[in-house]
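Listed next as structure tokens is one chain, alone, in the form predicted on its own.
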């Protein structure tokens, strides 16, 4: 892959030109937090942030999404309502990019989700290394603090400059059209490596084991007293899953207009932590307690998704740790406790 250098002043002017010609979503300060939102001016973009409230995966799998619209009269008809407008996402962190890699495996594998695929193909990803990890993140020990190579352009802050790594033909086209760059030299690459080593040391939370050992730990942990201890405190609010970049569950519903002649089928985010999530039509609930639901969530993150899709379901972003109202959602705390019990 080609690597270049651009000054921050040139990059800011390039962003302004991009905004004038493209639909761009980037990280904006929403005091006291940060969030991905539509950019209207280059000065709105913040690339030295710690975490966004919601992950950028919301643009690929929206909280609510229309699937089809239908009419019953005068003649029955059905049409797809899926829309995928080209856009550029700027400022994605490595852990969130690992989450997109997992979503790609889920939605573009043997069973392709056409809505997701259309949005994914229409989205250009410009990511940035996280130089200021927040206290709840443990991405470094999950192996997700370095980006997978599924980006179009990747930025590393080198002070007055950005190192720009090109990851695709689309990214190269973006660079040529908007960025003023020079070829990176060996000294620039060494500086990038040093910067990465420096910020990897800033992470305050970490696993007590390699992430590849999590499934083995869970194999022995089904009857651990930890599940009951945490499950009794769970409020079933779903906060942990609503902010998770790798949660993929949704519910499909039909909405009918008051005239009873037209409507739409739509999907919206759902959560395995909701008390009715595993309830079936006959009335049985396969996970009726907070204990069962919390255990399922952590097994899904640390074992089930790896077995099915080849990727762990936790990228260590720490959003769930912060979002939980009763301080029980932390995967790193649970996995470390279970590893200690196993020893």
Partner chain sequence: MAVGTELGSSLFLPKLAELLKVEPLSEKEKLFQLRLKDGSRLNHKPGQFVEVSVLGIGEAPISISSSPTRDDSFELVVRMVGNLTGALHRLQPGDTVGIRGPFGNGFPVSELLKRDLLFVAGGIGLCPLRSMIQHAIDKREQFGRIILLYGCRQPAEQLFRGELGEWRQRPDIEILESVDRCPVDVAWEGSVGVITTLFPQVSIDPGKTTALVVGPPVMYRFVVAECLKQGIAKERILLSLERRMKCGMGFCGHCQINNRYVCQDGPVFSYAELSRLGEAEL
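Residue numbers count along the first chain shown, from 1. Everything numeric here is computed off the predicted structure, so don't read it as measured data.
Unshown form predicted in complex with its partner chain; subsequent notes refer to it.
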(message) With a cut-off of 4.5 Å between heavy atoms, is residue 59 one of the residues that contacts its partner chain in the predicted bound form?
(response) no
(message) Quick check on residue 63: any heavy atom within 4.5 Å of its partner chain in the predicted bound form?
(response) no
(message) Residue-level contact is defined here as any heavy atom of the residue lying within 4.5 Å of its partner chain in the predicted bound form; does residue 115 satisfy this criterion?
(response) yes
(request) Report whether the minimum heavy atom distance between residue 258 and its partner chain in the predicted bound form is within 4.5 Å. (result) no
(message) Please identify the residue among 42, 46, 68, 54 with any heavy atom within 4.5 Å of its partner chain in the predicted bound form.
(response) 68
(request) Can you check 27 to 35, 312 to 320, 46 to 54, 291 to 299 and let me know which stretch has heavy atoms within 4.5 Å of its partner chain in the predicted bound form? (result) 291 to 299
(request) Kindly confirm or deny that 80, 287 and 308 each have some heavy atom within 4.5 angstroms of its partner chain in the predicted bound form. (result) yes
(request) Between 257 to 295 and its partner chain in the predicted bound form, list the residues on our side with a heavy atom within 4.5 Å. (result) 265, 267, 270, 276, 277, 278, 279, 280, 281, 282, 284, 286, 287, 292
